[in-house]
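Before any questions on binding or motion, here is one chain by itself as structure tokens, the form predicted on its own.
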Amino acid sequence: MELTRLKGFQDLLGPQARTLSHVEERARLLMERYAVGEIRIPLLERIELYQRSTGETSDIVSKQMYTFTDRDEAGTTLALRPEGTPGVVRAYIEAGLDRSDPEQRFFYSGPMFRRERPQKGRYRQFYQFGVEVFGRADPACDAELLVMIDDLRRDLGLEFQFEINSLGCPKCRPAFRAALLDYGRLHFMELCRDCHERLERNPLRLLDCKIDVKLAEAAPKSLDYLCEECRKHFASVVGMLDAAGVRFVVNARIVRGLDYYMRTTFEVTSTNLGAQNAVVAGGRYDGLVEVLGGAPVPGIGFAIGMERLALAMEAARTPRETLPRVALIALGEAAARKATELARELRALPLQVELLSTERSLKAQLKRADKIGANYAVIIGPDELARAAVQLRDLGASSQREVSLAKLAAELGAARQ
């Protein structure tokens, strides 16, 4: 049997892995500027966590989760995490923060798993970077998360479109839900099979159906049913985004289908991708902590699809700052000892340094330097050792000159500017 990777899974090699790491590094630096702390959650959780949070009618729970029965006496059903928010909420409650210190700001990063149809930018193992904020119900918090995403967009040199909506609250949302249910019943024969099955239990799913798009466009809009308090909240969010210079559109089809999601909800798309262009999604979930057994603490968050963001960078050909690469070529054992010492000094500048195999000829090592895309080759042999110097070859310009060891760091350091 040939051993190959599973369908929907991928190996990230070299530049692909580096692009994903670069996106995560920029996001982590942004979290430090926004005073958001890190949280790490398990890959495995009880299936009930997702049934109660994500919802049994959701595609994630009903069709896409990887589950198995544990060997414990209770026969616990476990699930590979399909998303990050439920695990973060569980950890927040389990640590007692919902009662002792409710206002918390966390970010998480790592792989998620969903058994869905693979396509470009969508895999069965995929990576998310997410932010969750607890204990804040004010519109300034909603706006801050959207500004945060816009700051990341600027850091990465990308163009995004922000789409926002308000789902109302427990006071005004029931009227919207009832209107949507009536609309769905009226057009029942035109709905797809999935909408037939979930209409009575979760009519809001009609709005994000990928098949019944035309029906969804003519459906009742949540903004028409907002109470005065929710109108003020949404107007405040919109005003703060305008003040911060975040460009957005209001899209009535942006929803979260479960009852504990309320008020602000949003989706961010990239202009550099095709049909699968959503890179960030999020919203306010003021009832979720209580649903999972915690105190009635408000919450809001978002998740970034890292593969989609990496694809957007590649499509935009966004330049990424990289360190100059140096191939260090040593000829002979004594030169190899000096080269090992020299490599540490050059990496501290910092530079990318690869110490090539001393068992190869000079010609073979120069060929390797060209293959790895080195900008410079630093050559040191017995003669250079005797003169306390190296041969510095600029591989782009095809030029070479002798540089003293005392001045090498300064010469290569200047190349970084």
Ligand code: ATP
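The numbering used is simple: start at 1 and walk along the sequence shown. Quantities reported herein were computed from a predicted structural model and do not represent experimental measurements.
Absent from the display: the form predicted in complex with this ligand. The rest refers to it.
Only one of 98 to 106, 279 to 287, 157 to 165, 327 to 335 lies within 4.5 Å of this ligand in the predicted bound form by heavy atoms, and it is 279 to 287. In the predicted bound form, this ligand lies farther than 4.5 Å from every heavy atom of N251. A residue is said to contact a partner when one of its heavy atoms sits within 4.5 Å of a partner heavy atom; A303 meets this definition for this ligand in the predicted bound form. Under a 4.5 angstroms non-hydrogen atom cutoff, this ligand in the predicted bound form has Y123 among its neighbouring residues. For the chain shown alone, R263 is not a contact residue for this ligand in the predicted bound form, no non-hydrogen atom being within 4.5 angstroms. This chain lacks the partner; the member of D212, E144, D150, E116 within 4.5 angstroms of this ligand in the predicted bound form by a non-hydrogen atom is E116.
Put simply, of R198, R308, H233, R90 only one has a heavy atom within 4.5 Å of this ligand in the predicted bound form, and it is R308. If you take 379 to 396 and check each residue for a heavy atom within 4.5 Å of this ligand in the predicted bound form, you get nothing at all.
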